[in-house]
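Below sits a lone chain in structure tokens, taken as the form predicted alone.
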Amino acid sequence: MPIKAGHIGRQKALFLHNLVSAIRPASTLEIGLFSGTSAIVIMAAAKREGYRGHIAMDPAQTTAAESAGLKNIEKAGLSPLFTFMEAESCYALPFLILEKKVSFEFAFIDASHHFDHTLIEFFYIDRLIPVGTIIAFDDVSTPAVEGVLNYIAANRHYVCRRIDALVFAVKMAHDSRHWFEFNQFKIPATDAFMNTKYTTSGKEPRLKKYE
């Protein structure tokens, strides 16, 4: 049994396991760790001769998550395949790019769910993966993540397919836009979603309108 329960359910775990098993990546990357459930699923599905391992980054693993992910991965016997970076992705991902020693054949984004953070994570991961790689996004029902995916579909060479609350974005080609190119993309409606979230959480809205 997990030491600390995660947010990824059985259905998502099954989708991830089947996908990773099918594509047989040599190395994998994850943004966000928490209980380590998705990391365990990915490593278990990818584990084979030639698999170089899984890198995950999460700035709150030893604080908010109380090291649950690290403990669960160790308990599962997968620590030899696992590398952890306790840092924000906006710092850790550029570090990997500058190292020029790593690339990934599968990536999973399941972190802050803010538009800017998720877009930055995609921006950097795109530079760490070859054509044909899949980036999986969790919690795509949140307007911010949906907005990022709408931007990607409209402006980048990716094909996006949704299965339940996951979207799998396949890199079809390297970025070759003109320097001025920009395509409009759909901005998801947020009012109903935010009102529901604030009602159930008991928090006061922090949204501000500027004229």
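Because the structure is predicted, anything quoted here is derived from the model rather than measured. Numbers for residues come from their place in the sequence shown, where the first is 1.
Another form, the form predicted in complex with a small molecule, is not on view; read the next lines as being about it.
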- Task: Please check if T28 has a heavy atom lying within 4.5 Å of any heavy atom of the small molecule in the predicted bound form.
- Result: no
- Item | Close approach of A87 to the small molecule in the predicted bound form, 4.5 Å, heavy atom | yes
- Item | is_contact(S35, the small molecule) in the predicted bound form, heavy atom dist at most 4.5 Å | yes
- Item | 4.5 angstroms heavy atom contact with the small molecule in the predicted bound form for M57 | yes
- Among 97-105, 129-137, 114-122, 74-82, mark the stretch whose residues have heavy atoms within 4.5 Å of the small molecule in the predicted bound form. 114-122
